[in-house]
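Starting off, we have a lone chain in the form predicted on its own, written out as structure tokens.
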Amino acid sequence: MIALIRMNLDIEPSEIASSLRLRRAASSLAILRKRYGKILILSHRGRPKGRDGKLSLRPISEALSKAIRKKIIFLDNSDLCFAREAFFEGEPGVYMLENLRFLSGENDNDPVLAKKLASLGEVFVNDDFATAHRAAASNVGITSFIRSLPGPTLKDEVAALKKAVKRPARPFVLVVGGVKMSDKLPVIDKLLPAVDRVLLGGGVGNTFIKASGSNVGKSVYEKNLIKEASRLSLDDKVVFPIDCRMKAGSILDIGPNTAALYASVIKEAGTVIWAGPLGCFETKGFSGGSEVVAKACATTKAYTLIGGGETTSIVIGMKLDKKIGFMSTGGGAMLDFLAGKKLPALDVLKISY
């Protein structure tokens, strides 16, 4: 049977070695190759405006070929009719179509494009959780024209997130970092009644520090969310940094006392969800807070769930990933799931969440 597999291979070539998404794609292919004689991988990379050779999937295809020890035949998608012919006439095996976002109508969930993509196979398997919060031709529209199923990674992601938020062992701890509080605010609001502690860092923590009346200098924070931070600060569950590490007038990491406090809370937790680094970890000397929290997540007896590309890369870089309960490939999709928002790609597959 000919299968179309939607995967998330939105990976920078420089990040291939530590890419969770590449690992999950290889793992899924090991399962799916036993079920389907011919596979065409559908994926995207970046946010191109038209065709952009710098965002081609070809280098990712080559990396995935090495990971599965099987040659992946790469197909240009500038002419879908030609790609369809080349795919159908080719030998059984694994193929990959060029970046879907090179195609007009992909991001707009265009039904004409969706029907063309569906014509390339006999069954569609969506294994891309990371785009589940977006309605595109290749993950939502396509399901109207072909028998559609969830893939192993997608099912694992949903099960892990449901376990964390529907049946959390207590104490239930939410760790939130990253640059933008606006991205994380819906998650904090949604989970605050259910959690026992919310530990903050990064730009999110800076906004709370500013709301408390402290001077944050040139630090990244969101001025328009000071009022929201003040409101949330009234809840004793919410904890923001008690000390910081600074450079040139900017807060670049949580301080050692905060890191020790957060680690002690995580050590006693029953469930931990962590989204977003707690400092400017890519700047030399300011990854300490995130590293302390990563070690705490790896050594606690709690069920741990970590998501977001930067956060998972920290854990993988420290070689702690095998000691984490679950690592999510989703950034925005995971946040929307946790915030209780609709995920169109799950809805069309009638997946309960």
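Note that residue numbering follows the sequence shown and begins at 1. Not measured: the values here are computed from a predicted model.
There is another form of this protein, the form predicted in complex with a small molecule, and it is not shown here; the text below is about that form.
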- Query: Among the candidate residues Leu117, Leu97, Ala130, Ala164, which is the single one with a non-hydrogen atom no more than 4.5 Å from the small molecule in the predicted complex?
  - Reply: Ala130
- Note on the structure: Of Arg69, Arg47, Lys319, Lys284, the only residue with a heavy atom within 4.5 Å of the small molecule in the predicted complex is Arg47
- Query: Any idea which of 39-47, 59-67, 292-300, 25-33 reaches within 4.5 Å of the small molecule in the predicted complex, heavy atoms considered?
  - Reply: 39-47
- Heavy atom of Arg134 within 4.5 Å of the small molecule in the predicted complex: yes
- Query: Can Asp10 be called a contact residue for the small molecule in the predicted complex at 4.5 Å between heavy atoms?
  - Reply: yes
- Give a yes/no on whether Gly332 approaches the small molecule to within 4.5 Å in the predicted complex, heavy atoms considered. yes
- Is there a non-hydrogen atom of Arg84 within 4.5 angstroms of a non-hydrogen atom of the small molecule in the predicted complex? no
